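In the structure tokens that follow, the same protein chain appears in two forms, which are kept apart as structure 1 and structure 2.
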Structure 1
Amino acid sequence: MKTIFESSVKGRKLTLLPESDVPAADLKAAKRETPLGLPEVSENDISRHFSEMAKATHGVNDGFYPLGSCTMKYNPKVNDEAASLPGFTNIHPLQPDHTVQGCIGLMKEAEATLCEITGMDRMTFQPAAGAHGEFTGLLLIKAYHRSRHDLQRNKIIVPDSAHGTNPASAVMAGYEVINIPSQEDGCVDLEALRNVVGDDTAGLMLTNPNTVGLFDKNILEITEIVHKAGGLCYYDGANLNAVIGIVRPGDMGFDCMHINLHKTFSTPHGGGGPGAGPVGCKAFLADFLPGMLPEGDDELKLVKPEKSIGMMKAFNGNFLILVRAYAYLIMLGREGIPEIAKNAVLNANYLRVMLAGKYVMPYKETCMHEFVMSLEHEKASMDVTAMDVAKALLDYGIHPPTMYFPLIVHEALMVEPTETESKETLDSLINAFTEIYDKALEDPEYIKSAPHKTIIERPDEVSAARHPKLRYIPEDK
């Protein structure tokens, strides 16, 4: 498809703005040295251009999106309606507290609800995404140790199955990362953990269920080992969708955590945002929380905690994402929230069992919200890789699952169906995977050259990654 610049025709124009009704000003100092280079197109051209772009994208409204660990699920439109109410949209973050009592009240109720779900005592809505929440939580841990003059604690323990943002966030917070291996069952190696904890342990970062989709049966022992060494435990909330309303991170022994509102609580996910990664903590860390927290009963106000680490983002984070999440919570209620986890787990296990006849499942146990397949055998016997199978799924109108993650599984495909997909949709994925496998046996070159029915075929991804074209340069330049 052409870029909007390639559709440009010299002299073609449209009128979007009315004629200026004030005298023109000659801003010589602000003038560009070169022309802006905007495309010259009609309104018809623009409309068709963006419609064509929309058709070329894929989202949950277009088809199945089983992206592992990312919870790409349908977002009820009532959430958007709630976030569009004038009382939430026609406000300014610098308004006096008494003029935005409804908004502060929503923050207070959302905090109480999310704390009840997670087993935390207080929560900040400042962080803009999950990794931002990780960084915030690590700064809370650092502030806690400093307040106790426990300055030698400079190491964060991270399992080898962790999300890549975990070690990155720890390094950003000034910590040294200590990597520990997983056992053959995909869970944390307890002996390895005992061998690395000590007086220099600041904390542990862990998600449970973990990235291979398994709930660690030793979770209480894991957090106890870290606590006995004087460290704190941080819960990566990326996989909270599997246990919401069933078990609470706070009861597992975690001291602080982030929630991905844009995953677990059904707010927009993808396309670069918007995101929200609220951070919850136990009471002993609450004084260090960033930003302003809702306080009061009759007249609500936003109050900065006494030992706050400061501001992680302007004002109160992405407020309208919180509105969407709160609408989702009150719509589901206490009875509906556990159904999210139950259906997500049911869907994942249905897929896992039905596909096990064709594909290798490295972990035989009942999984949680996602499972990992290994195509190591297919690569060795047919020269068909996980990437090839993922590309072939595009011809079925299905977004590929996560590829080559976690790293502890070779030729991995990680599948997360979420709770919002029907049995018919799951069966269509099973059918696609089955047909791809059978076709690979019959004609591996066909699968290796997939996709065949998409707008573009397989690009040179190495060149695209190493030499990206980030801006349009006219040929005559």
Structure 2
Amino acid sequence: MKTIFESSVKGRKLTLLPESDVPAADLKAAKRETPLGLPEVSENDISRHFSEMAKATHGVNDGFYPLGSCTMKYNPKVNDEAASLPGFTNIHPLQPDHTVQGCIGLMKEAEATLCEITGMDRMTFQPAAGAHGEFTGLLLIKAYHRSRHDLQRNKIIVPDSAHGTNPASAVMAGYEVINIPSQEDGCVDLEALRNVVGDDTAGLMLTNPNTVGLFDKNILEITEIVHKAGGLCYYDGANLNAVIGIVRPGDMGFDCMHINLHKTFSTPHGGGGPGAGPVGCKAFLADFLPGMLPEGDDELKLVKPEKSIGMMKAFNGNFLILVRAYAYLIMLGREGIPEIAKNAVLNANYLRVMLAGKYVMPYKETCMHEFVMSLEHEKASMDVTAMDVAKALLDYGIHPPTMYFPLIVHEALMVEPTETESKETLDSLINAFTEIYDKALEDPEYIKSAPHKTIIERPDEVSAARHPKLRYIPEDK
């Protein structure tokens, strides 16, 4: 597919802006001298180019997207309609409070609702994504210990099954990462945990259900061990879809956490963002929250908490994403919220049980909203890897599960169906997996060279990294 630059014709343009109605400013400052290499195209060129690009992009609207740890549920269109109201889009972030009572009101209501759902007391909407939320939460923990002059606590405990953002965030917050091994079932090894906690423990980062999709039954003990050692417990909320309305992180003993609005609360992923990663905390941490929090009853205002860690982002966070999530929240409400978890868990277990006939499930227990399968056996016996099976799914119009995560399972495929998928769709995945297995037995080369129906074959990632071509360069250069 041609790049937009290759459609460029010198002098071609749209007519977007008017002539000036005031005298020309005469800037004396140093001017740009390099030619401005933007494409010169017509609106027609743009429409066609990006139509072609969209068609070469698999969205949730194109089919099943059971990408584990990503909660690729259906994104209701009413969210987008709400977020496109001019009363939200055309608001300057530095308007005086009395002119943004709707925005602040929405933040206040969203905060109250999400606090009730998570068992937290207060929440900031500044973080723009899950990882950003982790970083924020860890700074809260740091501020807490500092405020108590408990300065030697410089370690964050992270299970080896954790998402990569957890250790990375801990380091950004200036912590040393203590990795603890998971038990065979992906759950926290209490002994190992007891062994590492101490008066240098700042806190623990954990997600429950864990990254293999299992609910850690010892969760109260885990958080207690950390608390007893003087550490705090951070909850990675990426897996909230599994427990929403059923179990609350606050009740499991967590002190702060982030939520991925772009997962559990159905705001679209946008091909990689923007998301939003609000951070909730228990009351004792609320004074440290970053950004501006909604306060007041009739006259609402945005107020910076007293001992705030500062600002995680300019302005009020990804507000239009919050608008989407809020529309979703009020639509589902009290009765709808727990249905999410129930159906997410049911769909995952249905798939797990149905696929267990052909594929090896390293964990036999009831899973939560997702489960991990291991292709170790297939790799050994037919030389067909998790990657090969994933690629073969592409030919069925199905987006593959997450590959090779969590790291503690070999040849992992991590399947998260979400609650918005129907039995028929799940059955189509079961069918595809089954056919792929059978085909792999019969003709492994076919699977190993999949996909066969996509617009490109497997890309050469190695040479991409070895000889990085990161921008278009015109032929004549």
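Counting starts at 1 and follows the sequence of structure 1. So that the term is clear: the rigid core is the largest set of C-alpha atoms that superpose within 1.5 Å between two forms. Bear in mind the structure is a predicted one, so any value in this text is a computation, not a measurement.
In this comparison, the chain shown as structure 2 is the form predicted in complex with a further copy of the same chain.
With the core superposed, residue 57 shows a C-alpha displacement below 2 Å between the two structures. Relative to the superposed core, residue 422 undergoes a Cα shift smaller than 2 Å between the two structures.
Note on residue 33: its Cα is shifted 4.2 Å between the two structures, core used for superposition.
The two forms, fitted on their core, place the C-alpha of residue 6 3.4 Å apart, compared between the two structures.
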